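Below sits a lone chain in structure tokens, taken as the form predicted alone.
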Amino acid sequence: MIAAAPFTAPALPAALVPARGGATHAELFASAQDCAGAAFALALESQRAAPEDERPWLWVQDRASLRQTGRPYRPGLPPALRHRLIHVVTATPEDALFALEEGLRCRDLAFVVGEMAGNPRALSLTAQRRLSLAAEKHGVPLWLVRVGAQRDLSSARQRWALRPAASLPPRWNAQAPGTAAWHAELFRARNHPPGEWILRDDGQALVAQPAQQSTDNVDLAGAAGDRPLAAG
């Protein structure tokens, strides 16, 4: 008996296609164990970027998130993005918010990624509104990765919960690691109903299928234990 081939959607759902040239403020909740939030943001930005766009992009981490997830590994970034990265580490969440807002005011940046750990008091609803307004006024998209955080009040236009998903078996080498895959739950959005998808990078493009159609065990983010990746 031949097993049916897994279904993959021919095009990404609208919620997963950031509008080119349109500023958004998306919030990505993810565990510190797997770094799924930042990887998801970069995968979608790679999909959105125009080939001729060589503008730099900004990644801001507060000290707490740096301790939990480590610094960006430049060779592991998407090829179109790795040489354009501007990385900033701040001592406090307040400094991270300042750096994020200043980045969003700069139209010479293609987009901004912020990574903050937990639920710092500085990341209030007022602070979130300031980020949303700056992103929309200046046309610079913001991906705010919430590492190990609880879902609190936010002004983000889209709010996602992310975790790794099982990769499909490699075609030529069954022992090789598969390509990146995510379980993406959109639990709140301004212009889109909630939904869940399995998103995969097949090496050339992103493909998505509704999570209900996937037979994969997506709960792969096992506890990795303490793993300090940064010096401080």
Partner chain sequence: MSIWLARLAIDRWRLAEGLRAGEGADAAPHALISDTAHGPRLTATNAAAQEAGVQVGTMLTDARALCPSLAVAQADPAGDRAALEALALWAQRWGPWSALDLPDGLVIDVTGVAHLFGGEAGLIADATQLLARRGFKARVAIAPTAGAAWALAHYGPEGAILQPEDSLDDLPVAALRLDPATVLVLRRLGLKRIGELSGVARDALARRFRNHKAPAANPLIRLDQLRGRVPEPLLPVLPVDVPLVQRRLMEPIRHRSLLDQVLGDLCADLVRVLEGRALGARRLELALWKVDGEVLQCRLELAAASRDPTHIAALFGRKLDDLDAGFGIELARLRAPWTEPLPLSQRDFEAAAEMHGTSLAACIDRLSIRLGPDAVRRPVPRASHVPERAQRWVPPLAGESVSQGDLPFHTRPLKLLDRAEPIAVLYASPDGLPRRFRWRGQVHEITRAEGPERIAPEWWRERSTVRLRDYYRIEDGEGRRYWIYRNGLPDDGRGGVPEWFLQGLCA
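Numbering follows the first chain given and starts at 1. The shown structure was predicted, so the numbers you read here are calculated from the model rather than taken from an experiment.
Unshown form predicted in complex with its partner chain; subsequent notes refer to it.
- Checked against its partner chain in the predicted complex, the candidates Ala26, Ala165, Ala184, Val207 yield a single residue with a heavy atom inside 4.5 Å, and that residue is Ala165.
- Not one of Ser132, Gly139 and Ala161 is positioned with any heavy atom within 4.5 Å of its partner chain in the predicted complex.
- Using a 4.5 angstroms limit between non-hydrogen atoms, Ala39 touches its partner chain in the predicted complex.
- Its partner chain is not shown here, and in the predicted complex it never comes within 4.5 Å of any heavy atom of Ser154.
- A residue is said to contact a partner when one of its heavy atoms sits within 4.5 Å of a partner heavy atom; Ala174 meets this definition for its partner chain in the predicted complex.
- Residue contact check for Asp34: one or more of its heavy atoms lie within 4.5 Å of its partner chain in the predicted complex.
- Taking a 4.5 Å heavy atom cutoff to its partner chain in the predicted complex, the contacting residues in 79 to 107 are His83, Leu85, Ile86, His87, Val88, Val89, Thr90, Glu94, Asp95, Phe98, Ala99, Glu102, Gly103, Arg105, Cys106, Arg107.
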